[in-house]
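Given as structure tokens, the chain that follows is alone and in the form predicted on its own.
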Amino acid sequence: MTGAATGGEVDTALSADAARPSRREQILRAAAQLFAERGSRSVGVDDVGAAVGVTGPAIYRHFASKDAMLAEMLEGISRRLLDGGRERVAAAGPDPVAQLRALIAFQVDFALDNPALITVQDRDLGSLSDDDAARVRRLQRRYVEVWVEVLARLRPQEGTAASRARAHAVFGLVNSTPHSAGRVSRPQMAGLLATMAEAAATA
């Protein structure tokens, strides 16, 4: 998917406490918004510094480079998705239907709360170094497999490849929010996405 987040949105996954982000987290939030709007290659360290009210060189107290910001951003959200997905499955109990609904709710909340990150993850992963990109992709694959295990229990007759295809179809649907979020209320959008995602996962 492409498209940037609209103004005023805050990407909560970049902060341990979304209401009280550290300076480092503020820098990552600003970078995510700018990267989503312009693409990471068109944003300089000075641009990020201006967005958080510091000089560009002050950014280097927290990050070695703009590429280091992007790498930490994408690796961090990939790890948060993996950990969060596992937690939701465990909390849902043994029923695979309940597990699927928990995963869908988690992914919908993530997408609605982190529109800039969704855009950056889709568009700028190729800007990472080979080593950084490999780490992010490993985490992403492990997150996909959390979904595959649940979907395979729901439809064991289909096989793993079909379950993986279903998971990616759900991600494509839910992660379209940079295009559609804001056109209806958040609760309504969350409900629409959850209903459509469950239909896609189980049809």
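Throughout, we count residues from 1 along the sequence that is shown. Just so we're clear, the structure is a prediction, and the values are computed from it rather than from any experiment.
Quick note: we don't show the form predicted in complex with the DNA, though the next part is all about it.
Engineer: Within 4.5 Å of the DNA in the model of the complex, counting heavy atoms only, one of 166-174, 51-59, 130-138, 144-152 shows up; tell me which.
Structural biologist: It is the stretch 51-59.
Engineer: Applying a 4.5 Å heavy atom distance criterion, does L34 contact the DNA in the model of the complex?
Structural biologist: No, L34 is distant from the partner.
Engineer: Could you confirm whether K66 comes within 4.5 Å of the DNA in the model of the complex, counting heavy atoms only?
Structural biologist: Yes, contact at 4.5 Å.
Engineer: Look up in the model of the complex whether V43 has a non-hydrogen atom within 4.5 angstroms of the DNA, and give yes or no.
Structural biologist: Within the cut-off, so yes.
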